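To begin, one chain is listed below as structure tokens, in the form predicted on its own.
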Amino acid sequence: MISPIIDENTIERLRALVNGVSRIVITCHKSPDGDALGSSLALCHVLRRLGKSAVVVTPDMAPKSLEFVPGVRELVVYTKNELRARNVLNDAQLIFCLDYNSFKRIDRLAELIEPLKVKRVLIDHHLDPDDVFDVKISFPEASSTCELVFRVLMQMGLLRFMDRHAASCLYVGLLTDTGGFAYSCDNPEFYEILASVMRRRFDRIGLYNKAMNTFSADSLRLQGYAINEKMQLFPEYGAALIVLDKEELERYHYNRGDTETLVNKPLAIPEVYWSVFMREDADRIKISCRSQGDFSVSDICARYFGGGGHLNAAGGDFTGTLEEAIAVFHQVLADLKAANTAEES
């Protein structure tokens, strides 16, 4: 049985908001991943079947690796069509904010949303949401925002409107945000939700292969180079580090999404139980961390890299240089060593 974890008063308030409007906009974070796109597009499919005029507006383009998700081609992309995004948002009667906890994560889209006098509904699984939402559905312990969208639909009695297209979107988010069901999915209810989604009879194997096993030749070459040439191991700490700078990314014709699963690769080594990947972007260093067991990379990302996430999957954005980010990683190792020494003494 899937528990109704969302407060019933919150569900009733959300039901009244949805029933009272016809034009709804759904937004997600910058550089949308499988969970952001999956949850947004699934909700959009359901709202349209309810008779609503629903549109998904994203801060920037979805990665090419996720172009197979049903509805991606209908996205209104701010960086591609600013005027249309502005018009759609200005016409909105209700805005859903999916898979982000702060307007900082939607880049310049925040400039359009913040002044609007419409209700904002948060559905998210990241820690410490800002106090800018009228309705908050925030459960950091959830596997994904797709799981929370499913729970919202369930408690609102709307699962009958979840067709195979919406189910496909939810499946992609459930799949990718757990690393192929490898982490953040210990709750048995996760698999009950997954089973309910799969009953819509979409092409599960096809979606799995597209989401997890499909790479461009350049992406495979980049990952091979990263593992062979750039992976550093720190056996004393059970750690691994991979760093790619802008020149290396350009050399392999990097496209967003090409390194999505790279941080997981070192965890295949028995001696490694946490892994860090640093990617140099134009204006920041993107930090991705994964771990196994009870080692919390969320704590590391929150303390050292201005981010956070979940026990075994977290990330952050570092605003210094790549060399400074690497120095911070070595500071993490030094602090772990000091903490272990203190415990032993």
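For every residue, the number given is its place in the sequence shown, counted from 1. Here the structure is a predicted model, which means the values were calculated and not measured.
The form predicted together with a small molecule exists for this protein as well; it is not shown, and the discussion that follows is about that form.
Novice: Indicate whether the small molecule has at least one heavy atom within 4.5 Å of a heavy atom of H45 in the model of the complex.
Specialist: Outside the cut-off, so no.
Novice: K286: heavy atom within 4.5 Å of the small molecule in the model of the complex?
Specialist: Result yes; K286 sits at the interface with the small molecule in the model of the complex.
Novice: Mark E280 yes when one of its heavy atoms lies within 4.5 Å of a heavy atom of the small molecule in the model of the complex, and no otherwise.
Specialist: No.
Novice: If we define contact as a non-hydrogen atom of the residue within 4.5 angstroms of the partner, is E260 a contact of the small molecule in the model of the complex?
Specialist: E260: yes, in contact with the small molecule in the model of the complex.
Novice: Can you work out which of A54, A62, V69, A314 has a heavy atom no more than 4.5 Å from the small molecule in the model of the complex?
Specialist: Exactly one listed residue reaches within 4.5 Å, namely A314.
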